[in-house]
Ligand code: PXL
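Okay, here we've got a single chain as structure tokens, the form predicted on its own, with questions on binding and movement later.
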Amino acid sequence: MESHNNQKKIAVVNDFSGFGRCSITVALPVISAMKVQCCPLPTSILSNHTAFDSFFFDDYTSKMEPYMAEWKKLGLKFEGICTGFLGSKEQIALVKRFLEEFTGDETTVLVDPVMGDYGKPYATYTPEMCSEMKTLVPYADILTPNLTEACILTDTPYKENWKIAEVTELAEMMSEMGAEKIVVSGIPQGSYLTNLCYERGQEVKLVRTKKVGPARHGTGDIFSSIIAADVVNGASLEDAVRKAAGFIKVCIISSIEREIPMTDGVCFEDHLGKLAR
């Protein structure tokens, strides 16, 4: 009998922005370069992401259920599922249903709780939406919040300066909420950015990289895509985070050299070959 499951696959639930290098637009080439088939489930279609002054936007919520139903007919099984930006309570409910229907014993679920940055939630994230996002945490084998999102998820006041022990406490709280492994990304430490890797019952690991420029759009999507694909390919969480952080640093340097506008993300295309090795 014909099977569609003879190659490793990761389902990516995120928006599709035609320009700006973020979400599905980066996940698809990155995961593919790492020799895993990427299967997108779009939550919305945008001409370019929302940090631009204007953009075309088409909400895909009403189309997600019939889309998922066709995948069910095909009997698709996924070694990984990666969720990103979600635009409404209805989408969060649909994602939970997708995870319940498509997560198998061998599936690694990565939840990137894209809710805010620099201490503030994004404009679309009402308190009700933030509360609803917490219900996705128990589904996560790997949870990848930045500091702002970790604070939102744990109802912790945000501040500028953090000790590693304090971030570890945030990770422990998210673990108690149900996430098995947590990566708190982008912790500022002088001239370095630190990623804290937390796994229940194990020593906390820190992955530090030198700051090479201001944060750019889409790097979080590259980060989560590399981690998802690397873990599906058998890498440890620490090694996957190290690969993702190093790759993004190289991409930012190239983008500065090419004078790429901040809105346009990073020119990762120059370096995709590194991920295939």
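We call the rigid core whatever largest set of C-alpha positions still superposes within 1.5 Å between the two forms. All figures in this text were calculated on a predicted structure; none of them were measured in a lab. All residue numbers are counted from 1 along the displayed sequence.
Unshown form predicted in complex with the named molecule; subsequent notes refer to it.
Taking 171, 179, 114, 147 one by one, only a single residue has any non-hydrogen atom within 4.5 Å of the named molecule in the predicted complex, and it is 114. Exactly one listed residue, out of 231, 39, 36, 46, brings a non-hydrogen atom to within 4.5 Å of the named molecule in the predicted complex: 46. In the predicted complex, the named molecule sits within 4.5 Å of a heavy atom belonging to residue 51. Contact between residue 217 and the named molecule in the predicted complex is found at the 4.5 Å heavy atom cutoff. Taking the partner from the other structure, the named molecule in the predicted complex has no heavy atom within 4.5 Å of any heavy atom of residue 78. Residue 158 falls outside the set of residues with a heavy atom inside 4.5 Å of the named molecule in the predicted complex.
You can rule out all but one of 264-272, 249-257, 5-13, 20-28: in the predicted complex, only 20-28 has residues with a heavy atom within 4.5 Å of the named molecule. Along 168-200, no residue reaches a heavy atom to within 4.5 Å of the named molecule in the predicted complex. Positional change of residue 54 between the shown form and the other one reaches 2 Å or more at the C-alpha, relative to the superposed core.
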